[in-house]
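The data below hold one chain only, encoded as structure tokens and taken in the form predicted on its own.
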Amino acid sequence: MHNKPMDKSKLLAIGDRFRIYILFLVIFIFMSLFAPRFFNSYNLTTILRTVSMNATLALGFSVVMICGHLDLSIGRTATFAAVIALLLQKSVGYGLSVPIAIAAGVLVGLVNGLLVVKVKINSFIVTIGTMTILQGATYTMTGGNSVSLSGSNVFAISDFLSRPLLPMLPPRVILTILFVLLFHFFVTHTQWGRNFYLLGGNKMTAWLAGIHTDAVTVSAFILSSTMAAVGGILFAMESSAATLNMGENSLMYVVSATIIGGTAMSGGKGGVLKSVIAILSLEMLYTGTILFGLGNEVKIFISGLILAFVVLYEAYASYKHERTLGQRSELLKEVAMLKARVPK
């Protein structure tokens, strides 16, 4: 008995499902073979440390996007929380300043979520407003200046977070990996996590299934802002400083990686692990362009090209899905066979 050859549509479906892993392998192998000084422990450790903050931000952002919303305030939330943690550290130490800064992130997410579900304001508008408010609050707290710390205790924590405990794995990278695994398990193996997908796929169906859609939406925004705060705080603690634009570039970086990783802007599709792999892939690509001696404009062009291709592909896939919605492939094949038998 011969196995039927896999048809083209199934191959495309498999390729789409695993595209970010394929992209990751292609970039890693190409850079390892051709980019000067790419494949060494120092460079790979630097890449992992560089992606840590954005990877942490991408976890919560991906959850919000899976729900069919956007959180454009993540970069400012990271900066806001980092500034609070460093400013309060001078008087109460990290033991109290860090929980307060994380609580501030939780509050930002709670406000965002309530405005979306109770006041019925589009998440794009809500988080744009939050982003502006947080920017103003950060500038007010700092007087428009960067915040930096000094002292033996501060530098000891900074050194601990940046010094590898295992090959290529400093504590901050290890913490990021733990966050990624925890979020991946939560989203894929718990009922509440699966509710994010149901809500993003069809809000009415989720509601009819007995899901408290408002609570799920608010929790997604809280997770997003909380992880943004955690990412900003850890970055500031490692560097013992927080600049006012430290999270400025994170937003577009995270949005691009999340879409490239396969999370649909319409919701209901995607994964936090894929978003993190996409961030790692982009960072390897950026590092490779530098090692090849290419300018920053080439890096921007390449990332834009990849994002444009993925967006166009998603638009085509959505169009094709709408055209074939409700069709049964086996019946279409029978109709085609009958038409072929009819004499002309």
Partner chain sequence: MNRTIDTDTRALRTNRFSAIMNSVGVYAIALLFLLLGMLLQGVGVINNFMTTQNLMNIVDAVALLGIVAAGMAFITYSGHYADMSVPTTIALTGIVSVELLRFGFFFAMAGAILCGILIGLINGIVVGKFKANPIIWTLAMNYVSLGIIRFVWVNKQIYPDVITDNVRAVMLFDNIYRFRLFNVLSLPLILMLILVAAGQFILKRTPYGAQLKLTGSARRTARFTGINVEMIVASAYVISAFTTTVAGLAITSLSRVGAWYNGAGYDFRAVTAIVIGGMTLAGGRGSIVGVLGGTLVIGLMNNIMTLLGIGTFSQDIIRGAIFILVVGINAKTLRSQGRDDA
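Numbering follows the first chain given and starts at 1. Since this is a predicted model, take the numbers as computed values, not measurements.
There is another form of the same protein, the form predicted in complex with its partner chain; it is not shown, and what comes next is about it.
Trainee: Hey, in the model of the complex, is Gly144 touching its partner chain, heavy atoms inside 4.5 Å?
Mentor: The answer is yes: Gly144 has a heavy atom within 4.5 Å of its partner chain.
Trainee: Verify the contact flag for Ser256: yes if a non-hydrogen atom of it lies within 4.5 Å of a non-hydrogen atom of its partner chain in the model of the complex, no if not.
Mentor: Ser256: yes, in contact with its partner chain in the model of the complex.
Trainee: Give a yes/no on whether Leu33 approaches its partner chain to within 4.5 Å in the model of the complex, heavy atoms considered.
Mentor: No.
Trainee: Residue-level question: is Ala137 within 4.5 Å of its partner chain in the model of the complex, judged on heavy atoms?
Mentor: Yes, Ala137 is a contact residue.
Trainee: So which of Val98, Val216, Leu72, Ala104 reaches within 4.5 angstroms of its partner chain in the model of the complex, heavy atom to heavy atom?
Mentor: Result of the distance check: Leu72.
Trainee: Please pick, from Val230, Val126, Leu223, Val83, the one residue with any non-hydrogen atom lying within 4.5 angstroms of its partner chain in the model of the complex.
Mentor: Checking each option against its partner chain in the model of the complex, the one that comes within 4.5 Å is Val126.
Trainee: Going by heavy atoms, what in 109 to 137 lies within 4.5 angstroms of its partner chain in the model of the complex?
Mentor: Leu115, Lys118, Val119, Lys120, Ile121, Asn122, Phe124, Ile125, Val126, Ile128, Gly129, Thr130, Met131, Thr132, Ile133, Gln135, Gly136, Ala137, in sequence order.
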